[in-house]
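Encoded as structure tokens, the following chain is the form predicted alone, with no partner shown.
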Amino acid sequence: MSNHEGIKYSHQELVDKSNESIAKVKDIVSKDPKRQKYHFMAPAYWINDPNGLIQFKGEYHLFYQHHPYSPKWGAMHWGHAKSTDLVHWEHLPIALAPSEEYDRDEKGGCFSGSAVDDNGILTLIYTGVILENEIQKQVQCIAASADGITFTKHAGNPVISEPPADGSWEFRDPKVWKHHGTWYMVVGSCKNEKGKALLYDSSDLYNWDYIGVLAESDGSQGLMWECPDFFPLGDKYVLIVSPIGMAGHKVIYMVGEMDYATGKFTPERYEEVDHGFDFYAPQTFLDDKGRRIMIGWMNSWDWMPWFKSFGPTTVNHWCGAMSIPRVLSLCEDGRIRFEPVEELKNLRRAYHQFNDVKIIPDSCNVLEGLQGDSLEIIAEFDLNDCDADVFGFKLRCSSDYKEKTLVTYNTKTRELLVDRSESDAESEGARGCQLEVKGGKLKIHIFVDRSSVEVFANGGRVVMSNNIYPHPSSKGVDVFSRRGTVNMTSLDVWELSKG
């Protein structure tokens, strides 16, 4: 439902219609056995990028790209939820609907952005998108709320009405922060087939001056930089971007130095944020505990044809979820560590422990029938006396083991891998990354939910996020090795529940 039907609706009327659309199906959606148990999802229909992550007046707020009329991408709205613990979320009314001449388009709408606390006013900065003369125009806009729930769009929108000469109309996803009393904004763009992050500043959030190109692709880092995020971490600055056109699906981070006098960020290294198939458009925020927390969309445009179903859940009126929240810290070697937030421990219920388990080739049912579709798994393997070529976990196994997801480590190639080739009838492929093990001890931390597997290794230096869609009855968990033995010194498993 939108203004494209020829009727002029106010913003609040469109918000109300969107909420009514969700209300009609949310109870049906909640009964789908593939719905995640503890990952954040919209009540129904389509969800993609996290937006506007902020802790405001003591509560965590999560906004998100949302199409409230179907489980497919469409005219973008902003969904909204809040939490006191990053685990239990309260769904709130939709915050933004595409209602104005600068954001009212079936192939556009209210694209991604960020949120700030402007002297007690929760303020959203987003990209409005319309199609004009066959050109998709992207402009930067503001909406504000005194109560943190109902948002009013700024009468002077757009606050940035066109891209600078350094960019193009691919000009979106503003991330805003304050430094020494001045507001700064970084916007994703491109020119001459190079992704760029463009920098602006403002004294009041509403009047912006262009500074210049904060950073740009070296030619190998994508044609367009979506969803830029820029922030200090330790004694460095970090730029995170989701590149379009980079070889392989990647979200990358760059660590380096920022010079506010020149408006230039100088990267010293870059790495992948997440090595799985399903992690895109992450955003971070700083909470009152001093933690830099990241949440990403657990799906991806890059490896799928445009408008593919994104999994079998669309037939049940929903699609998409967010990753678990992760805390970022800077390692001594300049890389970033991503670790699950401590609050996830509140989900732990029944506990299973195994110690000093020798895993031999072709063994089966080593874990004595352990089962679950929502689990936290922490395992440590001793590689000092290991002669196995490959070892790891079988997750979400059917009783005949024909359906399973593998998390493996190859001692010869030193590669950690998640293999979904037998996960279900929908998922495909395997994806991995290099993982050097120091001191002969490999620690793997896994979060399993009904439709996903997230793997953390080396204390969060390596992360892999993947969607899977096994049959609800496929709940088996086991360990295995190939062409040799390995000793699992410890295994801690918790069944997870919000109840």
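The first residue of the sequence shown is number 1, and the count goes up from there. Source: prediction; values computed, not measured.
Heads up, the form predicted together with a small molecule isn't pictured, but that's what we're talking about next.
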Test of understanding: in the predicted bound form, would W183 fall inside 4.5 Å of the small molecule by heavy atoms?
no
Contact test in the predicted bound form: W73 vs the small molecule, heavy atoms, 4.5 Å:
yes
State yes or no: in the predicted bound form, is some non-hydrogen atom of T123 no more than 4.5 angstroms from a non-hydrogen atom of the small molecule?
no
Although the small molecule is absent from this view, report whether S217 comes within 4.5 Å of it in the predicted bound form, heavy atoms only.
no
Of the listed stretches (349-357, 90-98, 152-160, 170-178), which one has a non-hydrogen atom within 4.5 Å of the small molecule in the predicted bound form?
170-178
Among Q140, T313, S112, S423, which has at least one heavy atom within 4.5 Å of the small molecule in the predicted bound form?
S112
None of C227, L416, I324, V116 but one has a heavy atom within 4.5 Å of the small molecule in the predicted bound form; the exception is C227
